[in-house]
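As a starting point, one isolated chain is supplied in structure tokens, in the form predicted on its own.
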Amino acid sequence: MSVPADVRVRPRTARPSGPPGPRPRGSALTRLDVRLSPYLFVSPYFLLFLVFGLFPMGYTLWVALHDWELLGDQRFVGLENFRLVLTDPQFWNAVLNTLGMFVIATVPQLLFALVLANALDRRMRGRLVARLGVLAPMVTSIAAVAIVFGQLFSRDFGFVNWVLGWFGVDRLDWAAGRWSSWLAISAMVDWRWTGYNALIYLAAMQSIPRDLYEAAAIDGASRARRFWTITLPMLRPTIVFTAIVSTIGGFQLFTEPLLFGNGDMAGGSLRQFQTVTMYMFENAFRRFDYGYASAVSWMLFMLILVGSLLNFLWLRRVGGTR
């Protein structure tokens, strides 16, 4: 078979013989820089977490294994403090109060945040001012919030009792009862954190493609139908995130009930609104029993871990998230 004349074969160049020469030093440093730089950039976080996170947790566990008093000797007692905590009725009363206020505060908080975010996502006048307005509770001093809500739920001259009087309801001593104090504290928590969750939902709604809403509107879907079939399914990962964060914050509830009770660490005369965090501080800084308080703190950590895990598994099962 003959080769056409116009097709020219380019001759191959001969490769130099002998061992390969040394690689440039700059290339080795470049590869080392590419490999190590990400770890160096993220190392400050892990170093800070090690110093201010893992070390305090480990040291608290060490204290929990001792009979540790402020002005006494530190005697190793093993798991005795944990046994006392598990058999302490005051601890379980604090757990009940914490769970009750967590449920009453978190569920309406997330629902109101969804409704508020859906309203802020629409086109309306003054939308920017409204979005900034939901941040006002977060920048307000918690002490001022507690004073205002203490006046609102006052027994004699409170605004809430005044409104209830229109419907023939007698005056309530909100701080004296278990359920009434839970409702008052939960209202304070909801007012403070609903806007925060609403902004998180709003940011997630802004990332949803608008083509989905336009296609659904062309098919004749109503606004409510689009919310249930498009918005909520797309917000499932965000809802899981806010639920877990709210679970952690709800189990650590401390400032609102403390200020509601005028600084009473016991949470009322009958401990009707004492949380686990308040009980831990009472043992540490009133009774000066640091070993027992450290055991309470570790039990609180386990409660938060179990509650967050159950919350995540339930929301993933209901919402179908992966």
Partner chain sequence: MRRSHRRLASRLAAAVTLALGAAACGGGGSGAGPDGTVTLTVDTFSTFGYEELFKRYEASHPGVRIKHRNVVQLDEYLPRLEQWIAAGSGAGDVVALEEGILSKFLAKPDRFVNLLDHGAASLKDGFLDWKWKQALSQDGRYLVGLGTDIGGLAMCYRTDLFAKAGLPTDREKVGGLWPTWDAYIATGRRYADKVKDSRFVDGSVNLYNTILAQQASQTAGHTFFDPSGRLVAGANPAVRGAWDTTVRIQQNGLSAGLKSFEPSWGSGFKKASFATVACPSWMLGVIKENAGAEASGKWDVAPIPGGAGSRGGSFLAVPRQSRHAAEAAALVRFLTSAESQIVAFRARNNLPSSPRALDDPAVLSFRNGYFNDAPVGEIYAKGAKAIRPLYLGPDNNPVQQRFEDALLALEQSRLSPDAAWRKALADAEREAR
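Numbering follows the first chain given and starts at 1. Because the structure is predicted, anything quoted here is derived from the model rather than measured.
The following text describes the form predicted together with the partner chain, which does not appear among the structures shown.
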- Message: in the model of the complex, does every one of V245, L270 and R286 come within 4.5 Å of the partner chain, counting any heavy atom?
- Response: yes
- Among 183-191, 100-108, 245-253, 220-228, which stretch sits within 4.5 Å of the partner chain in the model of the complex, heavy atoms only? 245-253
- Give a yes/no on whether S37 approaches the partner chain to within 4.5 Å in the model of the complex, heavy atoms considered. no
- Task: Using a 4.5 Å heavy atom cut-off, state whether M57 contacts the partner chain in the model of the complex.
- Result: yes
- Query: If you check in the model of the complex, is N262 within 4.5 Å of the partner chain, heavy atoms only?
  - Reply: yes
- Message: Within 4.5 Å, heavy atoms only: does D173 come near the partner chain in the model of the complex?
- Response: yes
- Task: Enumerate the residues of 212-230 that have a non-hydrogen atom within 4.5 Å of the partner chain in the model of the complex, in sequence order, or give none.
- Result: none
